[in-house]
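As a starting point, one isolated chain is supplied in structure tokens, in the form predicted on its own.
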Amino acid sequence: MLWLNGQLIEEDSARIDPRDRGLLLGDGVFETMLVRQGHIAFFEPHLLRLANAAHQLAIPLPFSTQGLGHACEDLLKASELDKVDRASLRLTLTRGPAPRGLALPDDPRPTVMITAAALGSPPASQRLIIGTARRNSFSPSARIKALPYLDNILAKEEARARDADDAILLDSQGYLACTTIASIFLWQKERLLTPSLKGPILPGITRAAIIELALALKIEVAEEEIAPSELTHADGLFLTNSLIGAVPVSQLEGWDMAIHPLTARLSAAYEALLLATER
């Protein structure tokens, strides 16, 4: 079951117009959200980020936040995922069908699709490599959750081929950006370091929550350019995204890494934050 342009439809019956620019050109954006016992974590920030990205790309958003909220609730119920411990929602917005070519249509008819799936527990840890793909520092799409993900797909496959779980992507200048699906944090003793939003990274919602929690715990946080050489001197690494929360890195380029004790403290604080918002 999925929700497509205002209707709940069985997946086998759903139809995307073959002229849809999301399919043909990757012309669109998306959000992936965590659901716990029917509660969508950080729903408003996710929708705000989607709306901001759509505005940047001049894609009209044809449904209100309230309407999309009801759509998500209806889909979770119809899919019998409104009572499970963990599920995920993906909201995809494309510019919709249009004539061939790159020129934007004068009268866009956006496609909005929401899918839901059961979700397992986050991994206990992650093994990383430094991938060969680079995050384009000059691309506007690097700072929004845009549909084209080919570089990430190839980097993920490179990690799999090297017996790792994920790959760190560097930016055009060779500084740390993110992994294929997550924000990255480094520990320098009890100081927390993460790539600056001035670089080609997504302003992660879990990233922002972790920074706020760290500051509340009196942990020093710095957002700046980080050279790969700093990874070898780090006292620990962890990754964040909406579905995994905060997960420590246990291995980098085949070398075992210590798990910083404050990572567990931040992860527990994030879990408490999620539980508080569910009530």
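This one's a predicted model, so the numbers in the text were calculated from it and none came from an experiment. Residue positions are given as counts along the sequence shown, with the first one as 1.
Keep in mind that the form predicted together with another copy of the chain is missing from the display, and what follows is about it.
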Using heavy atoms and a 4.5 Å limit, would one call Asn52 a contact residue for another copy of the chain in the model of the complex? no
Look up in the model of the complex whether Arg265 has a non-hydrogen atom within 4.5 angstroms of another copy of the chain, and give yes or no. no
Does another copy of the chain come within 4.5 Å of any heavy atom of Asp256 in the model of the complex? no
Does another copy of the chain get within 4.5 angstroms of any non-hydrogen atom of Glu31 in the model of the complex? no
Candidate site Asp12, Leu57 and Asp151: all three near another copy of the chain in the model of the complex by heavy atom within 4.5 Å: yes
So which of 221-229, 248-256, 61-69, 23-31 is the stretch with heavy atoms within 4.5 Å of another copy of the chain in the model of the complex? 23-31
Ala146, Ala209, Ala159, Leu202 - the one with a heavy atom within 4.5 Å of another copy of the chain in the model of the complex: Ala146
Of these, Arg134, Arg191, Arg86, Lys77, which has a heavy atom no more than 4.5 Å from another copy of the chain in the model of the complex? Arg134
At a 4.5 angstroms cut-off on non-hydrogen atoms, which residues of 97-129 are near another copy of the chain in the model of the complex? List them in order. Arg100, Leu102, Ala103, Leu104, Met113, Ala117, Leu119
